[in-house]
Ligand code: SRM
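Form predicted alone, single chain, as structure tokens, below.
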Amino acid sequence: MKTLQTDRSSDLSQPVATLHSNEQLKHGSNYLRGTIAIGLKNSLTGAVPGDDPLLMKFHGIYQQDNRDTRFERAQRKLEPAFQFMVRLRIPGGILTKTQWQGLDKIAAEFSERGLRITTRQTIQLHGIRKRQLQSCMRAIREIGLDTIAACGDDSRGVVCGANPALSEVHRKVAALAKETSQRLIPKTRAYPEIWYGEDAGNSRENEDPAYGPLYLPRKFKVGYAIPPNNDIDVYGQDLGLIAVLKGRELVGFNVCVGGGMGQLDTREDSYPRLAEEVGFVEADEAPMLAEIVMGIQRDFGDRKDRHRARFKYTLDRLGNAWFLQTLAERWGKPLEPARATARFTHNNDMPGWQRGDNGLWHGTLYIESGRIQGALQDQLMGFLQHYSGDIRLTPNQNLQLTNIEPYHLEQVQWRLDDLSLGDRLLPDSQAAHTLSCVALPTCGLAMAEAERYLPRFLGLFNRLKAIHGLQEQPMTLRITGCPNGCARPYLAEIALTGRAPGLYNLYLGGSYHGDRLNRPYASNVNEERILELLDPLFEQYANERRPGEKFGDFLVNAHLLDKTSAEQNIISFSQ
């Protein structure tokens, strides 16, 4: 693998003391060590003291507490019920059966809430206590996985879309996603030192040449998409790569830059943004391109205002022309013009069994909010005892059974049916188009419920659709506990983002294909008001839509989201 000399850490144009406090913390952390190792041994608290929890994010670990018990514990003069969330790095979401069985065992031993599949094709383990962290991390290593850069100001886990009908193309793209992830993760020896007890030796200079001591200004997300399925929501990535095919051969990728979902409701200069298509790259050059683009963001992203530090703001501040020129200078050539590629037709996981062009079969099991625990966890482990295929986690929080030989397919179906898992291959169409984030009780950013609220709201939502005869019409629906956008809400036809307990902002009009942002329609509204607002829109859609017209497209085409139509519903986000 060709490497780049990308260390520009000495080229800082501003003194570190003038930068955001997070930047100063990273700079003084000795390449992400801080005093984490000391804090893990402190038995007087369930937390890791000081600023080290910020550094632990780079290691894939979030310090949290159970917010359901926070007030009651405070009344009893007890510290919060501290616990940790561990997020794995699984490029493209691809696992072996043995690795899944290992993860199940790890969850049973260390996690309080089983396994959770995320919208970035990985696994989160919730409710791990501090005294168990090092043992958990070593158990993860034993099954060939790690957690480095699953959080923090670095390149997050690289996602990869699926197209089972193009098995060889998917295999090549998944391999490129894995190579990209390996190129972009931090190389600091702090990770094996702290978690595996390895000796890093004496030399600690320039441990992370691709990052430098400041790492990135904020997180950087990379994703590969294979049309016609936009399951990764490629336009929401900092760097998106859309496969270009010639027949059934992978030619390269159209390059999209500057996507991002997070925003703050209280700042007008904070907003979600779609990635823009800027050119084409040959297939085998994509991982190197990703490293160069990440390096540009490392050197020019805002390090004083963290809310303006994402790559999308760098591009809006300096412009696409500047970016393309800088990219050409660093790469030694300009990007080629974008090429024609197949259009996207959906962004959900296809139901039922799908056969690849290599003759092998694939089927996706629907997992509500990606949460696997209790009876479902036991059912899946029972199934895997006699399963010979592979596993893939999807960006829609589902579990895909892959690479099943034709002569095993009937047996696999029987086994799924025997364990009451067969219906998950053909879930309710609306449920299959719905995502939620974790939110309460553990996420520190959550202002409202999401995962725990989803079953109730989905039932009411389906009932309202049925009243208007729309029960067979799926709509992309996403619920998050805050405006940060972990479930990619701003690309959905309908989205709720939390504002306070029981109150949400309502967004409408995203594209069913994931290529258009939705718009704010109402703010600080409760469940009753949300359903009241959707009711007349559903009625109009049922009566006036054109054949095949999706709900989000109808709202835009009928001008129902124009300012004059929706302004009576809007309450200022700053209130």
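Because the structure is a prediction, the values reported are computed rather than measured. Position 1 is the first residue in the sequence shown; the rest follow in order.
Unshown form predicted together with this ligand; subsequent notes refer to it.
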### Query
Heavy atoms within 4.5 Å of this ligand in the predicted complex: which of the stretches 96-104, 131-139, 432-440, 278-286 has them?
432-440
### Query
Which of Ser111, Asn254, Ser181, Thr122 has a heavy atom within 4.5 Å of this ligand in the predicted complex?
Thr122
### Query
Here the chain is shown alone; which of Asn348, Gln379, Asn484, Asn398 has a heavy atom within 4.5 Å of this ligand in the predicted complex?
Asn484
### Message
So, a 4.5 angstroms cut-off on heavy atom distances: do all three of Ser29, His59 and Gly301 pass it with respect to this ligand in the predicted complex?
### Response
no
### Task
Please run the contact check for Val173 against this ligand in the predicted complex: heavy atoms, 4.5 angstroms, yes or no?
no
### Message
I'd like to know if Met261 sits close to this ligand in the predicted complex, meaning any non-hydrogen atom pair within 4.5 angstroms.
### Response
yes
### Interface membership of Arg116, this ligand in the predicted complex, 4.5 Å heavy atom rule
yes
### Task
Give a yes or no for Arg218: in the predicted complex, does one of its heavy atoms lie within 4.5 Å of a heavy atom belonging to this ligand?
yes
## Note on the structure
Residues in 299-335 that come within 4.5 Å of this ligand in the predicted complex by at least one heavy atom, in order, are Arg310
